[in-house]
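We give structure tokens for two forms of one protein chain below, kept apart as structure 1 and structure 2.
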Structure 1
Amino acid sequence: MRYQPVMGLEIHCEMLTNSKVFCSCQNEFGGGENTRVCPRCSGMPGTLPLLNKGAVKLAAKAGFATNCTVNNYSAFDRKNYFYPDLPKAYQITQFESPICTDGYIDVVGGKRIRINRIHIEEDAGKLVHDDYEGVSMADYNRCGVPLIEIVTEPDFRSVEEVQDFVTQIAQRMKYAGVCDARMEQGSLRVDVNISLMPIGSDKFGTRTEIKNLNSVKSIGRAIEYEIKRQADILDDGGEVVQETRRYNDSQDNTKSLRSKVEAHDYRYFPEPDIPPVVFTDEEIEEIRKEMPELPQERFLRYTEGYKIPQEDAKLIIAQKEFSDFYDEAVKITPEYKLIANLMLGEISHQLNDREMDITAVTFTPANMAKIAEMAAGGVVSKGSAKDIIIIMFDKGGEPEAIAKDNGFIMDNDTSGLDEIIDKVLIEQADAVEKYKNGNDKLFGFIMGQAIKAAGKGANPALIKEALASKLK
């Protein structure tokens, strides 16, 4: 590869307010076309915008979640352009004075990606294309949905850095309560600006913008395709055209949408109908105090406080609801590692097999805590703990009752255990001889046969102790 890719991101996040940003229409995904539209968000003459205070507060929380400065002063502007999904022919946004500036996130490899700004704006509508009839229709339900746009510096040099950054943004926005980050529904969308420069050069090439990428996988594939496309043009002696492109996931290519415009083409000017947003230092501090625990903070609590392995901690925090379930369970009993193992093991396995989310399970974190307590206290084996989880998925019920009804309560009576083990040692004489000749791995096999012979209520710890004594 003779070229170094240079990339910057613009990430649009729909904020979790009850109503839209400049009117009282419901802010909700889906529904019939044009059923959540009013004169204000459809741009009817004589209407005036009314700023949603909740959206401003969420934008400030997004700034805290990304190490930004939340500014005391921010103001709105009009961005003028014509497109069928924008009935006013301008978008209310923040240009000169955004609400948040100068943030950062550290990505894979410890590299720091700078965030230039976070600003508030309204979303546009959506065009619905009917290829059969050859027409396009406008659905204005999304007009006026409150957005933040997170704009980075062109600090990315690899696909992995971009994907890690987007993953972290999605997590942080969800944990902060700013956005549900459902990329498949479009509530978090990513625009990638990408150019190539020769290896060793410090002069950026001509950039293109890939619009509205809605999955981490698509982002990676789109970047890889665009790098190859631009490299082929440069290798052939051509020039990359500055333009906006769209990625087609099914065809795995990008296609030109329109020429890329500069800021002056939008004829920005101050929004005359919305006064500036002014925060006192005390108000900013109050919002900061309301911030919930973020994923990076939970990661430290899990790894440093609970001594959970880093990879396990990453898996737990990857989904907020999963992490919340874990947190509620460990509040009841401090079996941090055992609960983590059961959740990342059998519970994750069952969720994947059943194509379920943790929010859909019928048992509670308290049930999870009880299973862990029973396993840690020797009431049931760890294998039986997994069986209890499966039964709760299938039929529900309380862990203690399930354990009793299915014979999972471990029998700590050692009488008769020697006879069972002696019988297994005779039946597995070949394995016993090989073990005594140095094949230590066969101990697990022999123990498994002993547990099987003793029955599901047997205590594995007692069997292991007795077996080890007899195999000396």
Structure 2
Amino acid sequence: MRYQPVMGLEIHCEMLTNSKVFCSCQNEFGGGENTRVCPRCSGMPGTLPLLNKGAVKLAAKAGFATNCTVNNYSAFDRKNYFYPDLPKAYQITQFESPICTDGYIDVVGGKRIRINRIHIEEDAGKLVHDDYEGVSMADYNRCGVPLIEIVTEPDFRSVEEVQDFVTQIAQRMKYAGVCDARMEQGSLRVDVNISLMPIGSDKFGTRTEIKNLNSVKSIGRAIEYEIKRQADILDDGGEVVQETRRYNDSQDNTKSLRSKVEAHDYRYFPEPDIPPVVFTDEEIEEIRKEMPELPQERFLRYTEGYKIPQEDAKLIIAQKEFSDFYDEAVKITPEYKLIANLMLGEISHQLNDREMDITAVTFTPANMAKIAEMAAGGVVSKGSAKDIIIIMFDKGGEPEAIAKDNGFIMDNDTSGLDEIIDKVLIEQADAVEKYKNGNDKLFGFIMGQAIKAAGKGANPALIKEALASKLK
């Protein structure tokens, strides 16, 4: 590759407000067509937008989550274009004075990606095409869903940086309560601007924009495709055309949507129906104080406070609900490492096997805490702890009852243990002989026989101790 790719991102996040950004219709996903529509969001003549203050607050929080300045003054503008899914024929957005500016996020390799701005805008509706009937129908449910658009500087130089950034934005927006970041549902959508320049150059090439990427994986594939496409053009002595392209997941290619000449002139101008948003420093501070714990802060709590290995901490934090479940459990039983191991071990394993999400399990963080408490206190073995988890997945139930019913409660009474072990040593005389002659591996075998002889509920730790002293 003789070219250096240069990339910048525009990320749209649907905000988690109860109502839409300029009316009181509910803000939800799905539902029957045009069931969440009112005179305002369907652009009836004479209606006016009513700014949702909750949306403004969430946008400010998105700024705090990405090291932005939250501005004392921001204002709305109109972006004018005709499309049947846009009932007013203009989108209310922030053009001249966005709510947040000048942020950054550090990505893989410690590189700092600058965020130019975050602004508030409204989503458009959807068109449903019926090819059979030869008609298109408009569904306005999504009209007026509050969005933020996060715009970066062209600071990315590799696919990994882009993917890490998007992953972090998704996590941070989720943790900040701004967006549920469900890319597959379109609640977080990414546009990539991409250009190539000869390695060693500092003059950016002509860029293309790939719109509406909806998974971290397809972002990677789309960028790789586009880099190759542009490199081929440049290699042939051609020129990249400035245009907007769409990535097709199933065909793994990008296709032109419209070129620069066909680009809209959006004729932005200040939205006269909404007064500017003015915050005092105190009001901004109030919002900052309401910020929930962000993933990077949680990471430090896990690694430094709980001494969880960094890789494990990252894995737990990756999904907020999973991490919240962990937090609830360790709040009850502060067995940080044990609970981390059980959750990343058997629980993750079961979730994967069953294609489930932590939010769908029927047992509680308190159940998890109880299992950890029993395992740590030697009431059940760690192996039994895993069995209890499996049973809870299968049939539900309380950990203590499961342990009792299945004989997982360990017998910590050592009386009689000597006789059992002696009997095993006689029965397995051959193995004992070989072990004493240096075949260390046979300890495990003898141990297994001893546990079997001791029966369910035997405490392996005690057996191991007794066996070791006898074989010395």
Partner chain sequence: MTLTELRKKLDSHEIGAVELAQDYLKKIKERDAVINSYITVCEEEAIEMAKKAQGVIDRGEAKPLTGIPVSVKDNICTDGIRTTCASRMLEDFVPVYDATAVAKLKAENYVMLGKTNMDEFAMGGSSQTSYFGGPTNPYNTDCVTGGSSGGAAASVAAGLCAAALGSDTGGSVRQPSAFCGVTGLKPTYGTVSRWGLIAFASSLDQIGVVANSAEDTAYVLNTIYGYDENDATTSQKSMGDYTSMVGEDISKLKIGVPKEFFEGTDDEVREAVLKAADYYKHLGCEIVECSLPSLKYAVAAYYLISSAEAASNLSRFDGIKYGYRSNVGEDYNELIKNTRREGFGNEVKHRIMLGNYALCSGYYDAYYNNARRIRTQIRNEYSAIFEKCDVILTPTAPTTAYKIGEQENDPVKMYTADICTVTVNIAGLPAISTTCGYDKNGMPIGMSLTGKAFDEKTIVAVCDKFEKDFDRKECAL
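Reference numbering: structure 1, starting with residue 1. All of these numbers come straight from a predicted model, not from anything done at the bench. Rigid core: the largest C-alpha set superposing within 1.5 Å between the two forms.
Asks: Between 1 and 2, where do we have the form predicted on its own?
Replies: Structure 1.
Asks: Superpose on the rigid core, then tell me if the C-alpha of Y435 is displaced by 2 angstroms or more between the two structures.
Replies: The answer is yes, as the C-alpha of Y435 shifts between the two structures by 2 Å or more after core alignment.
Asks: Look at V128 and decide if its Cα position differs by 2 Å or more between the two structures after superposing on the rigid core.
Replies: Yes, because once the rigid core is superposed, the C-alpha of V128 moves 2 Å or more between the two structures.
Asks: For I446, state whether the C-alpha moves by 2 Å or more between the two structures after rigid core superposition.
Replies: Result for I446: yes, a 2 Å-plus shift.
Asks: With the core fitted, just quote the Cα shift at L467 between the two structures, in angstrom to one decimal.
Replies: It moves 3.4 Å at the C-alpha.
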